[in-house]
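The form predicted alone is given below as one chain in C-alpha cells.
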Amino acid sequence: MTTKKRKERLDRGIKVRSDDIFALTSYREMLYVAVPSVLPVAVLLILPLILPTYWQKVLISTSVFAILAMSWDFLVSVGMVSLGQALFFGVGGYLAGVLDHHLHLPIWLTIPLATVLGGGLCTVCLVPVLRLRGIYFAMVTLVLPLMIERIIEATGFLGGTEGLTGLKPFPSIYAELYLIVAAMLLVLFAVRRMMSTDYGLVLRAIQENDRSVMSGGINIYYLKAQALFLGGCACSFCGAFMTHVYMFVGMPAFALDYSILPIASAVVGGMGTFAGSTLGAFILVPLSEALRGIGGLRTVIYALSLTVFIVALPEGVFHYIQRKYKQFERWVEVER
C-alpha cells in the first residue's frame, strides 16, 4: 500500500470561535477580529501627515482609483461588466467644472451636485442597454466615453480641447487628502454592508442567475438601474473631486486609464470582496509611480509585475492574505 500526501486547510481555532461574537473570551481573540479592520484605517489616517508632498499626491490618485475599482467590482457583482468607468468619471468632472466655471457655485456644492447629477445622467444614458449582457453591455460602456471625447473635440463644446480652467481649489492639501480617504473608506464600508443585506443578496443573485430572479416576480432591470446609479455616483464623485484638485477639467477626464486601471486593480486585489479592489489599487498605482524614473522600461516591468500577480495569485492578493490569516495548512497522508 502506497501513501501520498495532500495539503489540508483548517480554520484557526480563534477564527472558529470568533464567528460568534459571544464566543470571544480574551483580548487576543478581540485583537484577532479587530486588527484587520482597524489597522488599515489607522494607517490611512496617519499617512497624510508623514508622506512627502509628491507621495501625498500619489495617495490621492490611489484613493481615487480604489473607489473606481470598487465601483467596477460592484457593477460586476450585479452582472454588469463595465469598461467605461471613464464615462462616469468624465461626466462628474465636467459637471463640477460647469457648476464652478459658469454658475460660480462654491466647492462644497459643486462636488455633491456633480456626484448625484453625474450618476443620474449616466444611468439615463445606459438604461436603454441594460438588457444587453456580457461583452455587449461592456462594449457600449467602452464606446460612450470615446464618443463624448470626440464630440467635445469636434464641436469645441465645454471648452473644447482647452477644457475649463481656473476652477476653485481645495483650502489645503490636507483637506484633499482626508476628504478622499474618508470617501474611500465610506464607499468600502457602505458597499460591503449593503451587499451583506437581503437587498445585496438579490443583486448578487442577478449576476448568478437572472432568470431565476425574474421568475420570482422581481424586476431585475429596475434593480440594475439602481446599482448603476450607485456605482455611477461613486465614480462621478471621483471626477468632481479631481476637477477641483487639478483646478481644470478637459478631455483627459475620459482617458482609458480611468477604465482599465480599476479593472486591473480589482483583478490583482481579488474580485467580489471590494477590499480586494482597494488593496489592488494600493499595489498598482504606487508601483506605477515608483517605476516612473526608469523611462521606457516602466511599461515592461509594470506589465510583467501585473502578469506575475495574475498568474501566481489568480484568486487575488486579498483572498490569499485572508486565507493565510484565517487558516493554517498541513500535509496529511492519503492511503491508496
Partner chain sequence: MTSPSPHSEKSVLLSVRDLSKSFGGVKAVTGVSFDVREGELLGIIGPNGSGKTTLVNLITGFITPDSGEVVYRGRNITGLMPYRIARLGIARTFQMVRPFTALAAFKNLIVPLFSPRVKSLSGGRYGDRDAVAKDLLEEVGFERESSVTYKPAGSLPHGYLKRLELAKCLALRADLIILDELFSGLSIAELASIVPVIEKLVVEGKTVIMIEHRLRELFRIANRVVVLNFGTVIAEGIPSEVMQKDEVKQAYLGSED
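Residue numbers count along the first chain shown, from 1. Predicted, not measured: the structure shown is a model, and the values here were computed from it.
What comes next is about the form predicted in complex with its partner chain, which does not appear here.
J.: Which of I218, I107, V127, L158 has a heavy atom within 4.5 Å of its partner chain in the predicted complex?
T.: For this set of options, the contacting one is I218.
J.: Would you mind picking out the stretch of 251-259, 97-105, 233-241, 218-226 that comes within 4.5 angstroms of its partner chain in the predicted complex, counting non-hydrogen atoms?
T.: So the stretch in question is 218-226.
J.: In the predicted complex, is there a heavy atom of its partner chain that lies within 4.5 Å of any heavy atom of E208, even though the partner is absent here?
T.: E208 belongs to the contact set for its partner chain.
J.: Would you please decide whether M214 lies within 4.5 angstroms of its partner chain in the predicted complex, comparing each non-hydrogen atom pair?
T.: Contact with its partner chain, yes.
J.: Y199 versus its partner chain, in the predicted complex: is there a non-hydrogen atom within 4.5 Å?
T.: Answer yes; at least one heavy atom of Y199 falls within 4.5 Å of its partner chain in the predicted complex.
J.: K168 versus its partner chain, in the predicted complex: is there a non-hydrogen atom within 4.5 Å?
T.: No, no contact at 4.5 Å.
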